[in-house]
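Coming up is one lone chain in structure tokens, specifically the form predicted alone.
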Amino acid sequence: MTDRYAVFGHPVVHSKSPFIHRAFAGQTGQDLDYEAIDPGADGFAEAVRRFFAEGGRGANVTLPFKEEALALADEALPRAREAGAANTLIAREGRLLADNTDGAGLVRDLKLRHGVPLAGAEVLLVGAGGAARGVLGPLLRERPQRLVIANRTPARAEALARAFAPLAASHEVALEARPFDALRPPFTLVINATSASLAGEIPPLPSELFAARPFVYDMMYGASPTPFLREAARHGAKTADGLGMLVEQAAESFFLWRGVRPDAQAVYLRLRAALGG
């Protein structure tokens, strides 16, 4: 019997997940079907319970349901607990497990695809919402020298830094929060974890941060560079968008479900070509 998987989101019609996971299945000879399900704004829990009751084996979860997915699971695995949200659900022995593969996807994309060294790096993480929280733990475990969180609302950055202070200390990482106007170069890596690019906006970072030519990464992606990446490139910085993170986090989910790691690079190249890049 063909195993069933899905991605839940609202909206979800433009999700690349069905394409990615069907491509992974074709590569690895896995007999599975993968669909996109939009349960509406208020129907997530009921739709997920029905999907797994009918034999679903696993699911991805995207906005706005990641926190609800964590609460719905019978057990939250360590990465999901740490992130406070889940993007992967796994049916195992009659129980529903929640995991979060976003941080692993980001780290793999930075290190393997873009050759960005994280050990000993000076990292600026822009944003203090769910996207930032979801990747902070995996970034700290790579042992950068320093990681600074900056956010439009400084109190949120400070709260996030406090929450992850024990993990940072255990990996000997200097973790701090700063307002935008107090940021000073150099940073070797700047990551935009805000949703500003969706609105065509740019976080108000001092221009000298880009002029110092760090590697600049935006978790958003599209057919053309985001405003954040265009601004960074204008100052001579090397840039990358989040398409590789999307594929890598999906590959990590696929591995959790099927026990085999697909060729993420092949699917990344197909998606990049489809976007015209």
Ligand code: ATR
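Not measured: the values here are computed from a predicted model. Numbering starts at 1 and follows the sequence shown.
One more form of this protein should be noted, the form predicted together with this ligand, which is absent from this view; the next part is about it.
Interface membership of residue 153, defined by any non-hydrogen atom within 4.5 Å of this ligand in the predicted complex, is confirmed.
In the predicted complex, no heavy atom of residue 138 sits within 4.5 Å of this ligand. Using a 4.5 angstroms limit between non-hydrogen atoms, residue 145 is distant from this ligand in the predicted complex. When this ligand is considered in the predicted complex, residue 84 lies well away from it, no heavy atom lying within 4.5 Å. This chain is displayed alone, yet in the predicted complex one of 75, 122, 201, 158 has a heavy atom within 4.5 Å of this ligand; that residue is 201. Think of it this way: in the predicted complex, this ligand has a heavy atom of just one of 129, 206, 117, 179 within 4.5 Å, and the residue is 129. This chain is displayed without this ligand, yet in the predicted complex the stretch 130-138 from 95-103, 170-178, 183-191, 130-138 comes within 4.5 Å of it by heavy atoms. Applying a 4.5 Å heavy atom cutoff to this ligand in the predicted complex picks out no residue from 1-39.
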